[in-house]
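In structure tokens, one chain follows: the form predicted on its own.
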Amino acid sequence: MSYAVRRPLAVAVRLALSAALAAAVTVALFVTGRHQTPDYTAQLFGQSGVSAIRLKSWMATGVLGLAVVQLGLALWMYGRLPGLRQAPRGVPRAHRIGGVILFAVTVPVAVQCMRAYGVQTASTRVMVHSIAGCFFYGAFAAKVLLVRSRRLPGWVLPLAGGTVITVIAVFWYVSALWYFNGNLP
């Protein structure tokens, strides 16, 4: 079999594996959260109740800000920012470090959310937040898998990164913005 025939098959397999990984992570978190007995006293860095919600709202805002920085770095790396020359050698490293920090900041928030609330579907806002939170980790896992492949079509990585950023914006909108607008539980 020639290289030209194998490459589309390898690309299709890589894309299918990434989609399956995203779905598996999302479903696993959703099912786990649905079977979680809520513990409304669960703490986040010593904070519980409204104090924990305030802290999570600020952390989510930081994650959203970092996601915007990540987008800018990615656009710079791939020469998509008009007026800027090629990105310096440190930009890809900064992008990777930023991604690790972004992920690390979300973990304690997600753990506290799962412990305190699980996955709930009582209202549209809460359901969207729960699903977006689960999907974020699936999308992030898929992006990490896809970023390692150099043989994918040019649209794949921007789609994966854009999906991660969009999910971050959605869960920020239905949680942190909700809190900042004065809605308290």
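Residue indices: 1-based, along the sequence shown. All figures in this text were calculated on a predicted structure; none of them were measured in a lab.
The same protein also exists as the form predicted in complex with a small molecule; that form is not shown, yet it is the one meant from here on.
Look at 153-161, 112-120, 65-73, 140-148: in the model of the complex, residues with non-hydrogen atoms within 4.5 angstroms of the small molecule sit in 112-120. Remark: S18 does not count among the residues lining the small molecule in the model of the complex, judged by a heavy atom distance of 4.5 Å or less. For A22, no non-hydrogen atom is located within 4.5 Å of the small molecule in the model of the complex, even though that partner is not displayed.
Remark: S57 counts among the residues lining the small molecule in the model of the complex, judged by a heavy atom distance of 4.5 Å or less. Within this chain, A42 is remote from the site of the small molecule in the model of the complex, having no heavy atom within 4.5 Å.
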